[in-house]
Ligand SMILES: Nc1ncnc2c1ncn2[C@@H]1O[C@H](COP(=O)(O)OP(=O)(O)O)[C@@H](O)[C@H]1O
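One chain follows as structure tokens, the form predicted on its own.
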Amino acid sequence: MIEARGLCKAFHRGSADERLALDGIDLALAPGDFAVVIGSNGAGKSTLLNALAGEVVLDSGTVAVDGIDLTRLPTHRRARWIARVFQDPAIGTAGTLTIEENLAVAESRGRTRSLGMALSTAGRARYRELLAGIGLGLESRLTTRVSLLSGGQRQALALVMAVMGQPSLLLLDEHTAALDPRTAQAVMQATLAAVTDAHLTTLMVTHNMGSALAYGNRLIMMRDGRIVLDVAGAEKAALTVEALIARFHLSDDKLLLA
């Protein structure tokens, strides 16, 4: 269970530019939930993910995973439970390291460190198996520096790195938005396979209404730092793009989604 209670965050507090990014957010995700978050620019989507990941310090509220309070833990301490894939493929990978070195680093995330070989024959075989399922040929390029990969290949690697430790919560921050349509589809299919196979609890931010309706078992709409719509199951399945647009218009939102 992922539980966020009373999340509040204001930026530039006390100045003329003060902005309330999170306004008392309550959010609970059951094990295996795949929730898709939509909303206009400034709705609070990225701030919500940053709050869960520990990238921003909350003004108030709590974040707990599997009953463990993470509220005061920094990002690197939360890595044991929370993994994230960013919009920019370069953020989630180390360009100067090889593919296998990146995977070895990801595999050790959140674990107690000890002296020993980071790479082994068994490890390389495991990495090849993980990468083969994506279909981008990365399994045959383990010794290639990541900086030489295309954006799509690098994002696919970032996804594998994020899910290989089977985190309690996977955060996807518009992780296909910077990719061409064909590569975005490949990465999204790899995402669905990884999430389904490992039964990962997932929170995905997107600006694409079609994606919001096609993926996940739950749809969350944010506006002005609040959750204004939270539907799941049959209610989500019955939604259409036109219905979502109507909801935005009814809430006087200026969002234009693809």
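Quick caveat, the model's predicted, so the values are computed rather than measured. All residue numbers are counted from 1 along the displayed sequence.
Although not depicted, the form predicted together with the named molecule is the subject of the following passage.
A residue is said to contact a partner when one of its heavy atoms sits within 4.5 Å of a partner heavy atom; residue 21 meets this definition for the named molecule in the predicted complex. Within this chain, residue 43 lines the site of the named molecule in the predicted complex, having a heavy atom no more than 4.5 Å away. Using a 4.5 angstroms threshold between heavy atoms, residue 47 counts as touching the named molecule in the predicted complex. Stretch-level contact analysis of 66-74, 33-41, 194-202, 226-234 against the named molecule in the predicted complex, using heavy atoms and a 4.5 Å limit, identifies 33-41. Taking the named molecule as positioned in the predicted complex, the residues of 1-20 that bring a heavy atom within 4.5 Å of it are, in sequence order, 11, 12, 19.
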